[in-house]
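For reference, the chain that follows is the form predicted on its own, supplied as structure tokens.
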């Protein structure tokens, strides 16, 4: 049974607000798969190939950014008890900015076209600025002072730094600015993006969702209190050392942040192993693969492993897998909850609301997990043997299509049952 203690579920936005982001995200994975299919052998040769940079930003902003934005718009009011004002209008602005920004930024990088690049960077910066405003409003108006809320604040600060560094890099590539030692700025952009924004947000959401959905023991208090400040301090020190040309000290600082997140990943795996219900769940497979990819990536980084392999593990192993694992729990829960709320509000309880297992058929979920794992292994194989690239692209596109179908299926269920509830209420009146 779900433990919803402390959550203000009635504060969430209308269901179409987060679903709009969730439905858009898989299209950027399909776009990335098509790009791999088109010229994949060249794209896995180096992190500096224009197409590789394009795919990186399609996945980072178009896929991962969309899912994180939709999740935050849903969870911030629930956790903090402070709804985002005018959330429907706000959601449209945020969604369009991120979608257009990701598409144009990726196209600008793919074709080495400065106007497209700068336009996309401006739109993406606008979208993430709107998201930061939503987070700030929720934190400012929050009820209570939970550690999860503080963690989201740390992640938001990291997002601001990530966007700033990213825009400086785009302005440099577009000819507006000249940055010395461009590689240092690129590495800082990536460090703040993965360890700060993505890492801290995943940790903050996991602290709430893992015990909620998997009925596990709670995370240790010492981890909840120390993870965010430690990673943020390490990132700040690492940035200062890097900018003042102290690479050894910078590596120690960033290594501390990597180690802290690896401890979090290890504890998450342990808690999921200790869950009360030992029944296998396809979402658990996504979590395990994603967290193992993160742990392997941390080890490879400490050994100065190949950047392309690190990118595959982080973008496709961690980001794509963990996002799907979260969505497979979040989407049926939101569908079920909103239908229950509508039913209770209408006072008509005879219309049957499907349960969460009906909303997400496990056989299709297992298929999506299997395709994801095969795509990941093929991508890693393609780094060593480029002939695997086309196969990896096909599996990557297939897993995204199935994810999209499962999201659409939940939306169809919601509209059908919601219509029945409305019709029953009208007939009763």
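Positions refer to the first chain, counted from 1. From a predicted model like this one, the values you see are computed outputs, not experimental measurements.
Same protein, other form: the form predicted in complex with a small molecule, not shown, and the subject of what follows.
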>> Tell me which stretch of 28-36, 372-380, 396-404, 43-51 has a heavy atom within 4.5 angstroms of the small molecule in the predicted complex.
In response: 43-51
>> Test of understanding: in the predicted complex, would residue 166 fall inside 4.5 Å of the small molecule by heavy atoms?
In response: yes
> So in the predicted complex, does residue 328 come within 4.5 Å of the small molecule, heavy atom to heavy atom?
Replying inline: no
>> Is it the case that residue 56, even though its partner is missing from this view, gets within 4.5 Å of the small molecule in the predicted complex, heavy atoms only?
In response: yes
>> in the predicted complex, is there a heavy atom of the small molecule that lies within 4.5 Å of any heavy atom of residue 121, even though the partner is absent here?
In response: yes
>> Within 4.5 Å of the small molecule in the predicted complex - does that hold for a heavy atom of every one of 61, 197 and 315?
In response: yes
> Within 4.5 Å of the small molecule in the predicted complex, heavy atoms considered, which of 113, 141, 150, 189?
Replying inline: 189
>> Please tell me which of 294, 76, 155, 105 lies within 4.5 Å of the small molecule in the predicted complex, judged by heavy atoms.
In response: 105
